[in-house]
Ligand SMILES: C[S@@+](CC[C@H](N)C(=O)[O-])C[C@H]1O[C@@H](n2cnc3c(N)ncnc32)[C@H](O)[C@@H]1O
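Single chain ahead, by itself, as structure tokens, in the form predicted alone.
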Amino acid sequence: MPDSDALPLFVACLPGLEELVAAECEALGAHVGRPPRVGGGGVACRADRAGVVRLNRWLGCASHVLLRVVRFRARHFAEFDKRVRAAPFAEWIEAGACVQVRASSARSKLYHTGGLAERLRNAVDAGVPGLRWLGPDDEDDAAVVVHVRVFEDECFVSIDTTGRPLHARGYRLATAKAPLREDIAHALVLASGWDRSSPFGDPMCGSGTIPIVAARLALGLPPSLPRRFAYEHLVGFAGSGEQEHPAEGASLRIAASDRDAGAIAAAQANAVRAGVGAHIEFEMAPLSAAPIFRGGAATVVSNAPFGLRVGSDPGRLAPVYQTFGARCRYLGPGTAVALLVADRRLGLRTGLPLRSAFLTNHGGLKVRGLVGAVDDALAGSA
């Protein structure tokens, strides 16, 4: 990619998922200049226009792809107004686009975010003709959102090329109790090391997010259903992407089960909407009799009950984790495990050699992705 074609980007994600997002960006052809700072909420990288389209369509652990337009220092609003009006918005935003502005500020004299947003809107409106403006609470999947973030008088102006967040995949209309965000599910599947062809299962599948993510990965499908993106209203991005070619997946075995009949019904409906209903075997079953535990070595990935999120006493959840660990051990050597937990001590009750793959936020809680494998010493042990 010639330097002249490389655009400065910031790929936003949940804090804690930066390393997984960086690996995804590199696999999709973006250049990540230095290791991401864990907890920074994103990854700085560079890509051409086709790369921006590719990132939006194929990233699974990220939420937005931001194009960095301009960066400058300003200590008062007159200086901010002058500098932001010089930004080349017409080089990026098409005339007549649907646009919103958002502003944030920390540790700066420019602390009034309403004043920042008003001046940013005036600058964009003066630079690009015929814009359709949305209010701060209005929604449009493909709206172009122009951000200004001020930190210690340093102003960063970016354009969101994504629109609706990438973790909103478009297929999960039915939910069970405490649904898992799709980007966290994607991160957990990637962290498990699954080869996308060997047996895979989730014995506590809820609304089916984890097995659906796994099936779309194995079939070579984009994380989201077909949708609109904000880049469609940016200059030079139309028609920049390539078409996907789904794999056959004839030998794919993904087992999903839950003890709750309503959860299974929701998961099946979501899988059909996601186009993978024929590739996932759903069954209502308790954890101890989950179908993934009836065969040999497999990859077992699950979002364990958190207690606080599902209304149960965390102290009463230990048997769930003990059963999960025992059933995984009986699958034998070569079994890989990934488990999302809110309490690491409960994860240890599995008796499995689990290590932390990531720590992030979900539903107001800190959650940790634990990963590990069953070896010869553990196989079959009680």
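Quick caveat: nothing in here was measured; it's all calculated off a predicted structure. Numbering starts at 1 and follows the sequence shown.
Not pictured, yet referred to below: the form predicted together with this ligand.
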>> Can you work out which of L287, A269, A97, A87 has a heavy atom no more than 4.5 Å from this ligand in the predicted bound form?
In response: L287
> Between the options N303, S224, S192, T161, which residue brings a heavy atom to within 4.5 Å of this ligand in the predicted bound form?
Replying inline: N303
>> With a cut-off of 4.5 Å between heavy atoms, is R119 one of the residues that contacts this ligand in the predicted bound form?
In response: no
>> With the partner left out here, check for me: in the predicted bound form, does some heavy atom of L180 sit within 4.5 Å of this ligand?
In response: yes
> Quick one: is R75 in contact with this ligand in the predicted bound form, heavy atoms, 4.5 Å cut-off?
Replying inline: no
> According to a 4.5 angstroms non-hydrogen atom cut-off, is G201 in contact with this ligand in the predicted bound form?
Replying inline: no
> Picking from 144-152, 258-266, 193-201, 108-116, which part of the chain touches this ligand in the predicted bound form when contact means heavy atoms within 4.5 Å?
Replying inline: 258-266
> Which residues from 193-209 come close to this ligand in the predicted bound form, meaning a heavy atom within 4.5 Å?
Replying inline: P203, M204, C205, G206, S207, G208, T209
